[in-house]
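Okay, so here's just one chain, in structure tokens, the form predicted on its own.
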Amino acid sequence: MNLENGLVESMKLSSLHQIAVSELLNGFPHAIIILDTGLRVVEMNCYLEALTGYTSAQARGVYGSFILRCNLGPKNQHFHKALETGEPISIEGNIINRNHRKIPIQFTISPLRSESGNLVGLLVALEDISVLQNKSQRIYDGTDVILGHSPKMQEVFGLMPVLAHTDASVLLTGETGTGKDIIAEAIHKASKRARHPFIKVNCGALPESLLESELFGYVRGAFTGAVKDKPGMFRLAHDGTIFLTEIGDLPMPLQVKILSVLDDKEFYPVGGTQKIKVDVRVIAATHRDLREQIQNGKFREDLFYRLNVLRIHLPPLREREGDIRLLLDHFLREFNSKLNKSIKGFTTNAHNKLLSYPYPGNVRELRNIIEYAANICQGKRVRSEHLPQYIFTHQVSSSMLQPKAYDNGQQEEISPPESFKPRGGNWNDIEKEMILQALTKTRGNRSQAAEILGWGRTTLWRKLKMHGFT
């Protein structure tokens, strides 16, 4: 009797025999792997895929030690001990994932038996305890929408506790929809100002005259209709944090007043003659290249340096290797709960399309796509026809084919091959053509091709496999 048959057999008494093992495992809130008695992988869930960087298809039949590179004694003796004794084991250790990152793990190793009592394998639950081991990272508590196991997101998570324990100004950069507002609020909640207000102001949403009174308030009689004093957002944020999103759209005259507040911690309300003192931390965000704005005379250089004391750059979703799969499952569970549905997952065609789509709107767009699909889908799985039609006809602009430079001291703009010219079509076709031309230019050197494309070597390897080049 193989392990999966044994599992199904053991489930009959609880009327669960019709549920596929993979679907059952995806319902667990932790990373799960099932090993047979030879310690080969039978199945693993989406959480473990995100944690390790390996897919279930890649892992099945492979020895678990190749997927779970952990420190549980010589030849993973604790797994053998659980098989020998038939008793569950809970132990702390760590794994090294595919991106060579060490992750502290609480392992719970449980023997699996068939209905007849025969030992058929092990169920291993892995809980990431890095947050518990490092109290400074409790910034993520209650913020379950900040998800990501990709190396670039781990860099962001590593910076957040540092930024939370200082009062210096922070500049968040990144494309629209990457979650800058979520990161800003998480930094505030983990800071000493958490008990005080977090005030968000969109600098591009209002005309200059209204934005000035919104930021700094006004006194009675300052203009027609000002029948009483209004405190303004800076005053409301006293002792807390003010988040100035889309700071790149701030009109030049207001940039001077913001600079004054940052330097002097005081300002005049509109129509006022007495300065108001405030103690406010400023976090600003933009999807624009402020260096370019400065060169075009649209942003003050002195304000840029005053805001750019600390910096976090949020990567676009297409550069967050492995995170799309994690976010798809997360948002599907979210909308299942909100809509009182029981959608189990995606068909292969729908899943492949969602994994290959470039998401110019990033995480926000992905969430909207899954919300649309969850509302439309009336069955147990999201099919291609349940997805928005535009993702099948999306044309990729040339600006998306290279990383943007945000002057964060880490990224440089890497141009695609000079001969590359987008020809339209879907993202798969364009990406395939990009890879071919990059490899042609580098005479097959994958490291150089990955650099031209702005990818890591593992990303290029995965995409070569996805497009059938290997």
Partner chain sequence: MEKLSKILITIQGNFVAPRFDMVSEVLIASTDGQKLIDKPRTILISRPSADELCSFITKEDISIVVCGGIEERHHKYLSWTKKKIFDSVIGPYEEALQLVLENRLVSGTILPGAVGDGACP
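Given the structure is predicted, the values throughout are model-derived calculations rather than measurements. Positions refer to the first chain, counted from 1. Between two forms, the rigid core is defined as the largest C-alpha subset superposing within 1.5 Å.
Unshown form predicted in complex with its partner chain; subsequent notes refer to it.
A residue is said to contact a partner when one of its heavy atoms sits within 4.5 Å of a partner heavy atom; Thr458 meets this definition for its partner chain in the model of the complex. Under a 4.5 angstroms non-hydrogen atom cutoff, its partner chain in the model of the complex has His100 among its neighbouring residues. Proximity of Leu436 to its partner chain in the model of the complex: non-hydrogen atoms within 4.5 Å are absent; the residue sits far from the partner. Remark: Asn26 does not count among the residues lining its partner chain in the model of the complex, judged by a heavy atom distance of 4.5 Å or less. Shown without its partner, this chain lists Thr176, Asn94, Asn336, Ser260 as candidates; in the model of the complex, only Asn94 has a non-hydrogen atom within 4.5 angstroms of its partner chain. Of all the residues from 369 to 393, none has a non-hydrogen atom no more than 4.5 Å from its partner chain in the model of the complex.
When the rigid core is held fixed, the Cα atom of Leu83 travels 2 angstroms or more between this form and the one not shown. Once the rigid core is used as the reference frame, the Cα position of Pro104 differs between this form and the one not shown by 2 Å or more. After superposing the rigid core, the Cα of Ile258 is displaced by less than 2 Å between this form and the one not shown.
With a change of no less than 3 Å, the CA-CA distance between Ile105 and Ala184 is smaller in the model of the complex than in the form shown.
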